[in-house]
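Next up: a single chain in structure tokens, the form predicted on its own.
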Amino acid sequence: MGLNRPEKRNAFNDTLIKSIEKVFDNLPQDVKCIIIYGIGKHFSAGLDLSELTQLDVVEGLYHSRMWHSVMDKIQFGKVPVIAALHGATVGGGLEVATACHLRVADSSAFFALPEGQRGIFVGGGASVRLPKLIGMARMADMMLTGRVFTATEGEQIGLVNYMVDANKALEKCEELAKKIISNAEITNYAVMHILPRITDSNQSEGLLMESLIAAITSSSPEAKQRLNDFLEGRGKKVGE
């Protein structure tokens, strides 16, 4: 799925964000993984601020909540989502990237939250999702000082899962997507929907959820077949 406003560095206006929502609301049954990428020189330069200046307090609240709804559809949708990142991945663009399940950046990518220098605060979910990846202190640094992280730094701090050479992010995402769609659907669902909730819960609740989803997945016919294949030498070993 390509972000196609290259003349605006793929800055998000309401039309673009609602187009993403429409895709996730109408996902064909045969689609098992989605790759989000930016058309042109950048993934996304963030929110189109010309729209934000027109909002009053109540409209601003609803606008932020609309973003939250769309980001939830990315994170808690039907299929895993991979972000292919290059060039500017800032502000709202970074918020979209953090809602994805994996992030692949090429060497041209850079990450920033310029909201602090614009006199505003993030509104698309970054304050919840980004600290879980890089820590609250690093996010505070980005907002207080305008700090920009390079692709290399992004990988080092845990923002990026994979870093590749320039113009290779989409190719790497396609490689990862093939691995993801080879998994059992119930396992992918558990990773997408249950694992984040386990992480957000206390230890006793988390362990209970883990036991429940472990029992559900291992009892499925597909899991039993895969386990039998492995035990009888037909399944792949780790590293193969």
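In case it trips you up, residue 1 is the first one in the sequence shown, and so on. In this text the structure is predicted, and so the values were computed from the model without any measurement.
Beyond the structure shown, there is the form predicted in complex with a small molecule, which is absent from this document and is the topic of what follows.
Among heavy atoms of A88, some come within 4.5 Å of the small molecule in the predicted bound form.
A45 belongs to the set of residues with a heavy atom inside 4.5 Å of the small molecule in the predicted bound form. When the small molecule is considered in the predicted bound form, Y162 lies well away from it, no heavy atom lying within 4.5 Å.
The small molecule is not drawn, but in the predicted bound form it has no heavy atom within 4.5 Å of G77. With the partner omitted from this view, the residue of V148, I157, I120, L170 that lies near the small molecule in the predicted bound form is I120 [heavy atom within 4.5 Å]. Of the listed positions (L55, I39, L49, A214), a single one reaches within 4.5 angstroms of the small molecule by any non-hydrogen atom in the predicted bound form, namely L49.
Judged by heavy atoms within 4.5 Å of the small molecule in the predicted bound form, the contact stretch among the candidates 133 to 141, 148 to 156, 108 to 116, 77 to 85 is 108 to 116.
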